[in-house]
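Next up: a single chain in structure tokens, the form predicted alone.
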Amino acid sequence: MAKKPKALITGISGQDGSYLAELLFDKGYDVYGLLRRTSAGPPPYIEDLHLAKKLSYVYGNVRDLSTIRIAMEEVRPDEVYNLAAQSHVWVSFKVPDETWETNFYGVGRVVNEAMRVNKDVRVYQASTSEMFGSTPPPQSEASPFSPVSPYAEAKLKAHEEFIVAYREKYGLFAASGILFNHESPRRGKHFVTRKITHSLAKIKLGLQDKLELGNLEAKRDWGYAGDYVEAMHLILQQKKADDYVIATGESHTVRDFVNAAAAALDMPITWEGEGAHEVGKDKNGKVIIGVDPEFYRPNEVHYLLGDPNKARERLGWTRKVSFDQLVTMMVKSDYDSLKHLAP
């Protein structure tokens, strides 16, 4: 009987980690998740994976070299998916040192220890479209990087020093997915997309009066996390390690996302005003959307639009879930989880 491949996923408690674990289980892998010890414990969907699929935990933190060393020696993985990060761009301006410690030095710890225990290991690094920053769209693998946040700067430095350089210097199979924004019902509520769907569901149910947002004009290429983890796996199955833009090739504003979410709840919004004074009103004229400059980034990335042609041609990957389907999926999940609380 052939030996089952072993995969170690850092950042297992995030949306990508859970979807990736499910995918790898279905493909016959033994899956290990690197999990930080917290008083709150793992989120419910990770507990469900652990119980139903026998996900194996190894406790560790990418900021702690000794725990990474122990985890790698215990698992000796064939594939490592490094998804762990301080992943919130706005927060990175508040905690730049923590962001660098996790998103740059943490990558080095993971890559070096993985390579030490298995010279044939294949490493996937979760890079980000934020590395393009102010680069004009569409952004492809050939586009220059121009990061404008601590989050993006740390991610770019890790990409250059621990993925590209290790691939060229040591022959390590190190590859990155330069993923554009991807969302799901498992997205954290502090991210703008989930904040929108969760808050509008609460407003629909009479549990919240108003939603405050930042820059409504920011444009993003939004896809479904469940589709994007398929690309992660495909990237590590290639004969040669390389880097790939993973995106939908479509871009929408934050306002578009709000409109789509509101439409899915049958509560159309009428917009009035401009800039920080713009508001969104429901059909009765009540203001349910406002703009708070506090949520603007110090340096804004205005327009991200990915070119997924390389992933389509070389990986055979295309997104399956459309923008409207994604938004509807997220809104329905939030509405269904909250409706029992309605007065």
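All residue numbers are counted from 1 along the displayed sequence. All values reported here derive from a predicted model rather than from experimental measurement.
Although not depicted, the form predicted together with a small molecule is the subject of the following passage.
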Answer for Thr102 alone: is it within 4.5 Å of the small molecule in the model of the complex, judged on heavy atom distances? no
Touches the small molecule in the model of the complex: Asp282 (any heavy atom, 4.5 Å): no
Contact between Asp78 and the small molecule in the model of the complex at 4.5 Å, heavy atoms? no
Hey, in the model of the complex, is Lys119 touching the small molecule, heavy atoms inside 4.5 Å? no
Have a look at Tyr151, Tyr124, Phe132, Phe257 for me and say which one sits with a heavy atom within 4.5 Å of the small molecule in the model of the complex. Tyr151
Only one of Lys202, His159, Arg167, Arg187 gets a heavy atom within 4.5 Å of the small molecule in the model of the complex. Which one? Arg187
Thinking of Val89, Val192 and Arg220 as the candidate spot, does the small molecule come within 4.5 Å of a heavy atom on all of them in the model of the complex? yes
Exactly one listed stretch (110-118, 173-181, 68-76, 266-274) reaches within 4.5 angstroms of the small molecule in the model of the complex by non-hydrogen atoms, and it is 173-181
